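Only one chain is included here, represented as structure tokens and corresponding to the form predicted on its own.
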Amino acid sequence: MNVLEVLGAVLLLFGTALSVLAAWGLIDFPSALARMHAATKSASLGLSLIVLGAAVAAGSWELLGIAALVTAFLFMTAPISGHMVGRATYLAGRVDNLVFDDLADSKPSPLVIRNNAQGGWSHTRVVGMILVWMLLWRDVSPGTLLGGAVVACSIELLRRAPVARNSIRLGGLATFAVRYMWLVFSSNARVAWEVVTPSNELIREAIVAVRLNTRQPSVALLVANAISYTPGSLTIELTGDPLVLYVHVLHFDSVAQVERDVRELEELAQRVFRDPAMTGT
């Protein structure tokens, strides 16, 4: 057994363990919203480690590219699905064990994204689609590159989607990504500890409203998705005018603590996007 096979086996083992803990959390946690923490966090990281472990053990760069693509899609979609299911659960009246609830006495108006951007061609989307195409084909060759370019350009011509005004700072994005990965692992460790603790004595659920400082919907959406990987928190609602984030907390201590956690992510997210008001675009 070589080094890659050992590393792949370790990743598979940890991924399987997290998946088992996520399944157990769905059974053991006391409420529907609490179960969403296990489903959103542990299940996504567990599956990602399994596919990455399989690719590493196989020693295939092509499979590793597909595994990286699967992992990226999981971490982009899991917070959104957790947000939507959690919101539907609350609106259906299935939440009755909260020690604090800012959402109960309010009538939030969900954030609506309006089309304020200018139409145009996006080279970023084209390059991204070409890369995805080559990963799916598991082939880096002129023919695959040409085929991906034809497909990507055709899709871009058909879409004619507007280009967002909020350009991205690569340095800010890298900093946010590092912080995000730390949140992923620390939140999984916290949920895993709750699962293996039979009494669940530390669970005190609450929903806290945090008014964001930013006026950029792109920043608010990034924070709303990332907060679902902060240890013990999950986005339930995001409202517009003003931008207010309603966060479900698994271990409620104080409103101030929740606000500090959200503010920290918001500051990092603001470094990712350039403010249109500052650039004059």
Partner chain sequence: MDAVVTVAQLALGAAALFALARAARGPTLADRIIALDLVLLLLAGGVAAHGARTDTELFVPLLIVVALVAFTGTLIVARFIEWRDSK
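This is a predicted model, so every value here is computed, not measured. Residue numbers count along the first chain shown, from 1. Definition used throughout: the rigid core is the maximal C-alpha set that superposes within 1.5 Å between two forms.
From this point on, the text means the form predicted together with its partner chain, which you will not see here.
- Only one of the listed residues (Ser167, Thr197, Ser81, Thr124) places a non-hydrogen atom within 4.5 angstroms of its partner chain in the predicted bound form, and that residue is Ser81.
- Contact annotation: of the candidates Ser218, Thr214, Thr239, Ser60, the single residue with a non-hydrogen atom within 4.5 angstroms of its partner chain in the predicted bound form is Ser60.
- Partner contact region in the predicted bound form: 66-74, out of 252-260, 225-233, 66-74, 239-247, criterion any non-hydrogen atom within 4.5 Å of its partner chain.
- Taking non-hydrogen atoms only, Trp24 approaches its partner chain to within 4.5 angstroms in the predicted bound form.
- Contact annotation for Leu173: none of its heavy atoms lies within 4.5 Å of its partner chain in the predicted bound form.
- In the predicted bound form, at least one heavy atom of Thr89 sits within 4.5 Å of its partner chain.
- Its partner chain is not drawn, but in the predicted bound form it has a heavy atom within 4.5 Å of Val85.
- Proximity to its partner chain in the predicted bound form holds for all of Leu12, Val20 and Thr40, with the criterion being a heavy atom within 4.5 Å.
- For the stretch 174-188, the set of residues having any non-hydrogen atom within 4.5 angstroms of its partner chain in the predicted bound form is empty.
- Once both forms are fitted on their rigid core, the CA atom of Tyr246 lies less than 2 Å apart between this form and the one not shown.
- After superposing the rigid core, the Cα of Tyr229 is displaced by 2 Å or more between this form and the one not shown.
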